[in-house]
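Consider the single chain below, provided in C-alpha cells and representing the form predicted on its own.
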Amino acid sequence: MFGKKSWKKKRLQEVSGDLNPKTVADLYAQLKDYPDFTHFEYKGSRFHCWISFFRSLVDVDYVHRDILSYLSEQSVHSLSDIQNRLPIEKLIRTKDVSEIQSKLLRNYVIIQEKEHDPDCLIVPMIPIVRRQVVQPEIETSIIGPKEGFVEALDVNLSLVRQRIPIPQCSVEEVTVGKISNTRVSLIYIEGIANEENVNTVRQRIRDLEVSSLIDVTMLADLISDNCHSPFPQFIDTERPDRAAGAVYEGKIAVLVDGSPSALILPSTIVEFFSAFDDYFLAWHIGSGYRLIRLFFVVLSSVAPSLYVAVLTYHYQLIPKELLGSLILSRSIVPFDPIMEALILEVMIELLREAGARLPTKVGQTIGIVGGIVIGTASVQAGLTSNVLLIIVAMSALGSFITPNYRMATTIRFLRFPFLISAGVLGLPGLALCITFFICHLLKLTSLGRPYIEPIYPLRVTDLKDAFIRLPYSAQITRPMFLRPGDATRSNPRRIRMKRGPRQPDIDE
C-alpha cells in the first residue's frame, strides 16, 4: 500500500512539473518514450554531434535546410564554430537543464557534441505553419480592416505592433501555468497607460497559481474583480485594430498564446455595445446605430417580462383596442403567460445553440427553417399566442445585435430571472429584479474602475464617446476613468490652424 501511494505521489509530481531532471541524460530518458521526440547523432565530414527536437513543434524541412547543411561544412569543428557561422539569430549556449527542457518544449533545436554533454547550443526554429491571418468571424468588419487574431502569439504581437510603431509601446511577457507554461503578453504605451493599472494587471497575472491556461477567457475569469458576476468585466476582441485603438487610449491589451483573441482592460459596460465599425462611419450615423443598439438591447431584456406581468396581474393597463386581439390570440392557449413565455424562450435558445454547433451553412438553414416551422406549428397547435411569438422573436433579434458575444449571452440570461420575477409578483417583482441588477452594476468594477462609468460617477467629458460618438475634433482628451499619464488626445486648434483659411473657388 505504501509503495502504491508513493508511486502515485511521484507520478503526480512528474505531471505537475515539480520533479525536474537533474542532468541532460535524465531529461532524454524522460522524453525518449514520446513518439514525436527526435534524438539522433549526425555525422558530418569533420564534426559529429547529437541533435534533439520535437517534430510536432519544429518544421523538419527547416532543420535540414538551415542546420544540417551548415554542419556538413569543412570549417565546422565545435559548437563555437556553429554558433559563429550559423545564420540564425538568438542562439543560446547553456548548461542549465531546466532551460534546455523549456526550450525543447518550444520551437527550439538542441545541439550537443556528445549525447549526454551538459554544454548545449539552443537554436530557434520556425514553428509548424498554423492558421493564416483571416477576417474575424464574430466581430465581422464591413468597411474597416479585415485582419483578425490567430492562435500564434508572435503573429498577434506583430499585428498589434504594426499599428503602434512607436518605441513607447511596451510588451511584457509572463509565463502562466505550472504544467502548460503558457506565454502571456501585456501591451501598453509607457507615459499614457496608468502605472497603477499596469501594476495591478501585472501582479494579478504573476500571482496566478494554476496548472494550465488554455484561452484568454480563462485568464479574464481568473483576474476579474468579481468572478461571480454574470457581466463580463473585460472586453475580448479578435480584431487587432480595436486592440491597438484601446492601447492608444491608455488601456492594456493582454494576449495569450493559443488564443485567437485579446483582452482589453479596464472596460465599461457602455463599451460592450459599441461596434468598432462605428468609428469608420460619419459620427451622426455611428451615433444613430449605437443608440438603436442600446434601445433594442434594453427592450429585448424586459419586453417578454412586461408581457407576462401585464397579462397576469395588470391587464387594466392594456388599451381597449388591443385587449380584444390579445384575448382572441390567447383563447385556445392552455398555459399561463409565464409558462407560455418560458416555452418560447427555451425554443429560441435551442435553435440558437443548434445553429451555433452545426456547420455554418447547415446552421443558418436550421435557424431559419426551424424558427419558421416551430413558430408556426406552436401557434397552430395552441401552445403559444401570435403576440408573444412576435415579442420573443423581437427580443431574440435585440440580443443578437450586441457586438460582444459574452455580453450577448449575459443579456439572454437576464431574460429568465426577469420572466420569473414578473410571473410571480408582476410589475413590482420585475422592478425589484431590475433594481437588484442595477445595484450589482453600481458595485461592480473593472480593474478597480467604476463599471458603469460615465453614468455613475457622472463624467460629462467621457459622454462624448459613450451613448453617442461625437466627431474626433470634439474628443480632445482620453477617458478620465483610465487616469492616463497623458490625457491629451489631440489639439483641435492646431488642426484648424494647419488647415488654413478657406480659399474661394475660381467660379466665385
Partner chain sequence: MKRKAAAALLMAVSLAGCVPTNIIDDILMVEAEGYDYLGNGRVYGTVTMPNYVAGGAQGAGGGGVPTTAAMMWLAEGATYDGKSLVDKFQSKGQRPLRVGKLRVMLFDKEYAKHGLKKQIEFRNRDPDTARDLYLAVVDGSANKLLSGKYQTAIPISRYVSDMIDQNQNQNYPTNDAHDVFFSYYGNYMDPFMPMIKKRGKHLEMQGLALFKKDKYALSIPERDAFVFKMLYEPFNQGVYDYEFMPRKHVALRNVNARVQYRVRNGNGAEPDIKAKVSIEGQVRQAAPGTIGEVPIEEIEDGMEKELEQKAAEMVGKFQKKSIDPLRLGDRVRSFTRRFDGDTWQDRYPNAHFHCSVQIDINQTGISR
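Positions refer to the first chain, counted from 1. Quick caveat, the model's predicted, so the values are computed rather than measured.
In what follows, reference is made to the form predicted together with the partner chain, a form of this protein that is not presented.
Across the options 319 to 327, 246 to 254, 113 to 121, 148 to 156, residues that bring heavy atoms within 4.5 Å of the partner chain in the model of the complex belong to 319 to 327. Among the residues 262, 411, 311, 419, the one placing a heavy atom within 4.5 Å of the partner chain in the model of the complex is 311.
This chain is displayed alone, yet in the model of the complex one of 425, 208, 343, 179 has a heavy atom within 4.5 Å of the partner chain; that residue is 425. Highlighted residues 162, 168 and 240: none comes within 4.5 Å of the partner chain in the model of the complex, counting any heavy atom. By the criterion of a heavy atom within 4.5 Å, residue 337 is counted among the residues contacting the partner chain in the model of the complex. Although the partner is absent here, residue 386 sits close enough that one of its heavy atoms falls within 4.5 Å of the partner chain in the model of the complex. Mapping the unseen interface onto this chain, residue 295 falls outside it, with no heavy atom inside 4.5 Å of the partner chain in the model of the complex. Taking the partner from the other structure, the partner chain in the model of the complex has a heavy atom within 4.5 Å of a heavy atom of residue 315. In sequence order, 379, 380, 386 are the residues of 373 to 388 having a heavy atom within 4.5 Å of the partner chain in the model of the complex; the partner itself is omitted from this view.
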